[in-house]
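Just the one chain here, the form predicted alone, laid out as C-alpha cells.
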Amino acid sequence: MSRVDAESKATGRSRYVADISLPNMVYAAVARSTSAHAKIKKIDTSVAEACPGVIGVFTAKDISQILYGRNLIDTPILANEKVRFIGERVAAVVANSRKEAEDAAAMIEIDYEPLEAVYTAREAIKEGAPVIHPDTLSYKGSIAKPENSPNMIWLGHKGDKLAAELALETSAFTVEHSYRAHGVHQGYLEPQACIADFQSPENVRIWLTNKAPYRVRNMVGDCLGIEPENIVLQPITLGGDFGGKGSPQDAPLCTALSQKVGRPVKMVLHYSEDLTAGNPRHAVDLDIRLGADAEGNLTAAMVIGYLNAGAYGSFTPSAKGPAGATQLSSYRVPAFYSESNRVYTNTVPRGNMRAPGASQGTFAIESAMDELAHKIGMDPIEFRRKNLLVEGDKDTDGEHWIEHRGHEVLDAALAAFTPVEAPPGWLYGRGMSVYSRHTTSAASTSIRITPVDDGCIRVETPLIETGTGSHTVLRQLLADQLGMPSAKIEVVGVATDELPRDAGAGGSRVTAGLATVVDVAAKAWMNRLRDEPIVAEVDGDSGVHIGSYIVQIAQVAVDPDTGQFKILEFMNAIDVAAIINPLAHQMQIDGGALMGIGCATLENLDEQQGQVWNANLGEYKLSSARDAPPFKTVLVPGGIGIGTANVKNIGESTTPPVGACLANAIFDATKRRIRDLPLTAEKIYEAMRG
C-alpha cells in the first residue's frame, strides 16, 4: 500500500510550520549567550530597538521568571540573571520580517561576568565543582536529593550492589572497562519552528514542530498561566523527529511574545541554532564490570552511568533521563547492579533520541561482552548464546516476558551469514551485537470515524505524522478490521480541540497504540445504530510484557596503513510478529541501522569547552545514501505481539546495537579495542600503532 502522504509530499503540497503564514504575522529572533556560564551584568537593546522594522525587544524582565519543561520544570523562557550554556536565549526581537528580526538581534549587546564552568558529568559531581543550579531542590518536578551533589538531577540505583560486588570478586573471569558515547543531534531535516497566535487567554493557537501536541498544550498552559483547553495545537506535518521534537522548545517564548505584541509570532531556527541550542542525545560515560564462571556463565554485572544532561534537565519525559543507558535486558545475570547519575553541565541541554539511552548503553555492554568472551577464550557468539534469556527467565528489571526468542534470532542470523572478502591488503573482521526491546502495551489515543459518500469513511486522528507512515498504518489497520478497501478510507489529522487525547509519537508505541484503538473503534462502528460518527479512545496499559530481539552482524575491512574501514555487509536479524506494511517495516530496519552507523562513525557535535564546533550540516556529517552499506535482513516470524493486529516494535530496534557491532568487528580485524565513539580512522590508526 502506498503512503497516504506520498502524493502531497512528492508534489510539495504538504505544509510544514515554516510554510504557514497568518494575517498580520510578525517574526521573532533571539540573541544567544556566547558564554558557557556567566552572570548577565547588562543587556543593551537600544541599537536593536532602533533597527528598521522592529516592533519590540524583550528580555527576562519583560516575561518574568517563567520556567517550563516536560516534567522537571527548570528551563527559563529567556535567561534571567545568568546564562548556563553557549546558545541559551537571552533576549528576543519581534520585527516585521525574519531578516529584520535577525539583524536586530545581532545588534543586542550583552555584558557578562564569567563564572567557572564544568563540561562533563564526572567533573560536575566532584566536590568543589561550580554549582550550575543553586535552586535545584526547589524546581517543580525535581527528584534531586540534598545529600547528593548540587549538580545531580537524579541518582538512581537498581539491584543489590553488595551482592554484585561479591559475585564479581568470586568470578573466575572478570572485565572492567570504561566506555564513552558522545552527544549527537537527532538529524531531522526540518529545523525547529513555531507560530503562536495569542488572541486572548481563552483563544490561543499554536503550530509547532512537535510530535506530542496534547503534552505541549499542557506545558505551555502551565508556564504561562493559561487554561490548557484554551490552547489549540494545530495539525501539521513534521520533517522528521527521531526523539528530538518531543519538548516545547520555543512555543512558550513565541506565545508570550504574541501576547506582548498582539499579533501572531513566527520563529524558525537556522540549523546552526538547532545544533547548538536544540536537545541532542546525552553524552554518556559508562563503567562496566562483568563476571563469568569457568564454564562461561555470566555471574554478575555492574553498570555505572554518568549522563551529561547539559544546562537544563527538562527536555526528557522524566527527570531521571533516558533509562536505556544502564539497562542490560538480553542476558541472564544472577547478580546485577546499575547506577544512573544524570548531571547538570554547562553544555547544550539534552533530550531524547531514538531508543533513548539504549545506543549509548548497548555500545558499552555489548563491547564488554565481547571483551569478556575473549578473556574466557570463548567465541563471542557462543558466549552470548550461553547467556541469552529463555522462557521463564526474568530480566534485570525483574520482568517476565511472555517469550524470549533470542536463540531463534541468533540461529537465523548465523544460518543466513555468508563471509564477504575484504579488498587485497585490507584486514577482515566480523562483529556482532544483541539488543532486546520491550513493546509497550500502554495506549493513549483517540480517533473519530465519519461516514461520507459512496461507502467511504473519514478517519480523524490527533496523532502527528512524523514521517514514519503512522497515518498509513492507521488506514491499513482499519481496512483490515472493517473488511473494506483501503482506498475508501481517508485519514485526516485534526487539532487538539477535536478529539480527547493522544500521547504523541515515541517509545515504539504508535503502531501498538493504533492497533488497540482500532480494535475499539471497529467494534463501535459495527455496532452503531445509525449512520453517524463514532469516537473511540483508549487510555491504559494491558500489562502484557512483550518484547523482541535483534541480532546484528557486521563484516568490515580495515586498511592497516591508514585505519580507514569499510562496512562490507551489515545484517539485521529480527524477531517479528505480524507486519502491517512490509515496505514501511523494511524502511524502519534499514533507516534505523543507517542512523546507527552515522551516530557511530560520522556524527559528532565536537563539543569543546561548552562550544559546539560542528554547527552546520557541512561539518556535522549525517549519513547519506552513499554511506549505506549492503544490508541483509533476516526476519524471524512467529512472535507474539500486541492486540488483534499482533504487532511488535521495530522503529527503535536497529539503531542501538550498531556501535558495538562495528567496534567488535574492528577489534576482530585489528585486535585493537576502541572504547569511545565515534569510531574513526584516526582512532584505529593510533590504536594499531600502540
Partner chain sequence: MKLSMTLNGEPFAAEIGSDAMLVDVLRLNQFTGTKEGCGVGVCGACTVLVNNGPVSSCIYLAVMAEGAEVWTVEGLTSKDSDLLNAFVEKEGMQCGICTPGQVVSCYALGIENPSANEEEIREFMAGNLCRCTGYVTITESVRTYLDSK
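Numbering follows the first chain given and starts at 1. Computed from a predicted model, the values in this text were never measured in an experiment.
Omitted from view is the form predicted in complex with its partner chain, to which the following refers.
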{"query": "Distance check, residue 584 to its partner chain in the predicted complex, heavy atom within 4.5 Å", "finding": "yes"}
{"query": "In the predicted complex, residue 185 touching its partner chain (heavy atom, 4.5 Å)", "finding": "yes"}
{"query": "Contact label in the predicted complex: residue 625 to its partner chain, heavy atom within 4.5 Å", "finding": "yes"}
{"query": "Exercise: residue 397 in contact with its partner chain in the predicted complex, heavy atom 4.5 Å", "finding": "no"}
{"query": "Site test, 142, 157 and 297 vs its partner chain in the predicted complex, non-hydrogen atom cutoff 4.5 Å", "finding": "no"}
{"query": "Location of its partner chain contact in the predicted complex, chosen stretch of 343-351, 405-413, 121-129, 594-602 [non-hydrogen atom, 4.5 Å]", "finding": "594-602"}
{"query": "Residue (of 162, 189, 390, 526) lying close to its partner chain in the predicted complex, criterion heavy atoms within 4.5 Å", "finding": "189"}
{"query": "Option touching its partner chain, based on a heavy atom within 4.5 Å in the predicted complex, out of 99, 488, 501, 332", "finding": "99"}
{"query": "Members of 653-671 lying within 4.5 angstroms of its partner chain, judged by heavy atom, in the predicted complex", "finding": "none"}
